[in-house]
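We begin with a single chain expressed as structure tokens, specifically the form predicted alone.
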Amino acid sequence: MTLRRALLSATALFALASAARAEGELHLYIWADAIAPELIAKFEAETGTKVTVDAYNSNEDLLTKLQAGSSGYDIVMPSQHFVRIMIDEGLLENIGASTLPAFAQVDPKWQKQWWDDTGDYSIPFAYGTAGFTVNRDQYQGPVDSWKVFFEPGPELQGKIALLSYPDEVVGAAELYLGVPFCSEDPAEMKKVLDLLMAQKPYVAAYTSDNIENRIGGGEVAAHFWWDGNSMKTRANDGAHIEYAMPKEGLVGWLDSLAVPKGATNLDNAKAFIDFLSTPENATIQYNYYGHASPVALEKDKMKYTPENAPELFPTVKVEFSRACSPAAQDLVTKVWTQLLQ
């Protein structure tokens, strides 16, 4: 069976999509440890396609890679605001996403959102929040406000770690200060810089690597982090940690599957996106990844629930990062550059 016929069959009978013989190659450039290894093995076995995976740790790294051209990758996994940036810069293929079987599995509230309002370029893959986690062996105080993190008391001074890039960190500071995301007002962004500069003497590291060991092992008492990663370290590794629910809110993110412009294995990329989005496979992925799923799951097989994984079910407002204007992004860059000088 050719891949073209397989995809046509998948449109008529979605459950058989993963059985198509795709063959050839597929090259992924995605967040580290983002896709369940068993699903990659399953896809390879069912289609004859050889899948290779490379990883990145920030949307900025991904954007730089695609801007350089000829990346050699067939699927990438940008967050919502970077999907918008990549579409506007002509870095993604129009894959007719809304016509794929995968799109029918996406919860309507995530379909054709502002980051891909035509539904041509991406399929939502996972979503969640960015906030901060505390080690309860190191810190026993409240975690109900960003004030705890950005204006730390003696228990946390010198024991805080942030990410290595500004995106969600600046967003969290804006939430705390009441500054709108993507502000073009230098005076408002000066408030953000002042807050982060005042915090800096108490920061042990600005890093996005090895967070689970750093916070789980108590090397630091508080770390900027993501909901599902914190949950898995607590639930699976037994770390005595807690993911905060600050009253000012959390920074939201949604990662999507997209295809870089000029990808050489376009049909295989579409087949893989459809494969990951079946309820069976999406549930396997959810149970592995530990982040909320925007596609339909087999609810009786879901590992994580509000009872055992409260990190995934926020009780405070969530504000999603947006694609900022060049003027606003320039201010963010200036804030971060001055901070790390």
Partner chain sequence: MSGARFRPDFRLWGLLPAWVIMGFTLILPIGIVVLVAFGTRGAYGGFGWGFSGASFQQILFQKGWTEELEFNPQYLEIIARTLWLAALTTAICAALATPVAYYIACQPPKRRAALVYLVTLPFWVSMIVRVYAWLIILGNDGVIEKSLRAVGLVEDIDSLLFNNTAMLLGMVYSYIPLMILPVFASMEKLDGTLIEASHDLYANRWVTARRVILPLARPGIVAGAVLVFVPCLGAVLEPILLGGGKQMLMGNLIQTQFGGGRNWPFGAAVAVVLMALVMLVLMINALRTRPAGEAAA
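Since the model is a prediction, treat every value here as computed from it, not as a measurement. Numbering follows the first chain given and starts at 1. Just so we're on the same page, rigid core means the largest C-alpha set that superposes within 1.5 Å between forms.
A second form of this protein, the form predicted together with its partner chain, is not displayed here; the remarks below concern that form.
Interface residue remark: G96 is not counted as part of the site for its partner chain in the model of the complex, having no heavy atom within 4.5 Å. By the criterion of a heavy atom within 4.5 Å, V318 is excluded from the residues contacting its partner chain in the model of the complex.
Using a 4.5 Å cutoff between non-hydrogen atoms, S145 does not count as a contact of its partner chain in the model of the complex. Residue contact with its partner chain in the model of the complex: R214 places a heavy atom within 4.5 Å of it. Although its partner chain is omitted here, in the model of the complex none of D33, Q113 and T118 has a heavy atom within 4.5 Å of it. The contact with its partner chain in the model of the complex, taken as any heavy atom within 4.5 Å, belongs to G218 out of G249, G218, P180, G262. In terms of contact with its partner chain in the model of the complex, the residue from T64, N308, T52, S70 that brings a heavy atom within 4.5 Å is T64.
Here the chain stands by itself, but in the model of the complex one stretch of 262-270, 185-193, 146-154, 233-241, 185-193, has heavy atoms within 4.5 Å of its partner chain. In the model of the complex, not one residue of 45-59 has a heavy atom within 4.5 Å of its partner chain. A68 is among the residues whose C-alpha shifts by 2 Å or more between the shown form and the other one once the rigid core is aligned.
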